[in-house]
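Only one chain comes next, encoded as C-alpha cells, the form predicted alone.
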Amino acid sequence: MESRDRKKRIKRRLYHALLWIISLVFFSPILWMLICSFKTKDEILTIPPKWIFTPTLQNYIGLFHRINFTRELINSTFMSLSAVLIAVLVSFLAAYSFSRFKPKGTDLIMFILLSMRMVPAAAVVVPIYLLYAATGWKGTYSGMILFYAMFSIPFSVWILKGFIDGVSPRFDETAIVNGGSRMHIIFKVVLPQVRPGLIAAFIFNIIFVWNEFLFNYIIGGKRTITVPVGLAQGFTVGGGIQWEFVATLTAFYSLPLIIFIFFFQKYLLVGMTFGTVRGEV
C-alpha cells in the first residue's frame, strides 16, 4: 500500500514538473523580452547573448519622452475599457432575453452570433472602411469604441447566456410575486449570480481590444491611434530597427494585461466552458 502511494506521489511530482517545464518554455519569450527591456541596444544584439549585465531604466525613461506615447497609451486604455464595458452590459441584457424569453429561432441567432466572431478580420476591412468613411466615423473616438463594442458583443452573448441558463427561473418568479420589477430581477437577482461570467467576458474582450491593430490602423486616425499601431509606426529609425524600443514598449504594454489575467485566470476556464464548469469561482 505504501509503495503504491509512493508511486502516485512520484507520478504527481513528475507531472507537475512537466507542467512547469512547459509553462517556462511558453513564458521564455516574455522573459527574454523583459530582460531585453533593461539592456542597451548593443547588449541586446550581442552574440552570444549577454546574461550578466547592468540593468538600465533609460529605455523606460526614453519611452515616456517619445512623442505621442502618452496619448497612445491613454487612447488604448480609454477605448478598451469603454468598448468592453459597453459590450458586456449590452451582451448581458441580450443574453438574459435569449435565456428567459427564448424568442423563435434563438438557436439559429446564437449560431450566427458566434459565426460572426469566426470571420477573419481581413475579410471585413474593406466594407467597414467604406461604411466608416461614408458616415464620417473614421478617425473618431465614438466610431472606434462603437466598432470594438460591436465586435465584442457576439462572443460575450454566448458566454453570458450559458451562465444565465444556469440560474433557475424560479428566482425571477419569486421576485415577480414579491413585486419586483424586471430591472430589479436583472440587476439585483440575476446579475450577482453570473458575476464570474461577466468577468470572463470582460477578460476575453479586453484581450482582443487591448491588442487590436488592424482596424485601428485602417479606420483610426491620428487622434485615436493606439499603442500597437504606434509600435508599428515607430520601431524603425533611419532604416534600422530600435530593438530596445520594441522590447521596452512590448514589455510595458503587455505587463498590465499579464498581471490582470494572472489574478483572474480562474475565470478563463469558466468562460471557455460557457459557465458549465464553475469550479471554485
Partner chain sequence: MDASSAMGPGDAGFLTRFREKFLFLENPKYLQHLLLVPVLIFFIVWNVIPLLWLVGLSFYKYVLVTGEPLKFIGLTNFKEIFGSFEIWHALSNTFFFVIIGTLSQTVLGIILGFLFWDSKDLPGRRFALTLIFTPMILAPLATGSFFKLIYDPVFGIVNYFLKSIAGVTIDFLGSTAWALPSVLIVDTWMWTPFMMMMTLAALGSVPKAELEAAEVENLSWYRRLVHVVLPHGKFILMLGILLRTIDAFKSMDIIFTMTGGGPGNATELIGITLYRQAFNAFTMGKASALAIIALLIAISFTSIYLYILQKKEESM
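In this text, the rigid core denotes the largest set of C-alpha atoms whose superposition between the two forms falls within 1.5 Å. Keep in mind it's a predicted model, so treat the numbers as computed, not measured. Numbering follows the first chain given and starts at 1.
What comes next is about the form predicted in complex with the partner chain, which is not displayed.
Using a 4.5 Å heavy atom cut-off, state whether residue 63 contacts the partner chain in the model of the complex.
Heavy-atom contact with the partner chain at 4.5 Å: absent for residue 63.
Should residue 221 be classed as touching the partner chain in the model of the complex when contacts are defined as heavy atoms within 4.5 Å?
No, residue 221 is distant from the partner.
Heavy atom to heavy atom, is residue 126 within 4.5 Å of the partner chain in the model of the complex?
Yes - in the model of the complex, heavy atoms of residue 126 and the partner chain come within 4.5 Å of each other.
Using the partner position in the model of the complex, report whether residue 12 sits within 4.5 Å of the partner chain, counting heavy atoms only.
Heavy-atom contact with the partner chain at 4.5 Å: present for residue 12.
In the model of the complex, does each residue in the set 33, 181 and 246 place a non-hydrogen atom within 4.5 angstroms of the partner chain?
Per the other structure, all of 33, 181 and 246 touch the partner chain.
Within 4.5 Å of the partner chain in the model of the complex, counting any non-hydrogen atom, which residues from 82 to 97 show up?
Sequence-ordered list: 86, 90, 91, 93, 94, 96, 97.
Quick check on residue 259: with the core superposed, does its CA move 2 angstroms or more between this form and the one not shown?
Shift at residue 259: below 2 Å after core fit.
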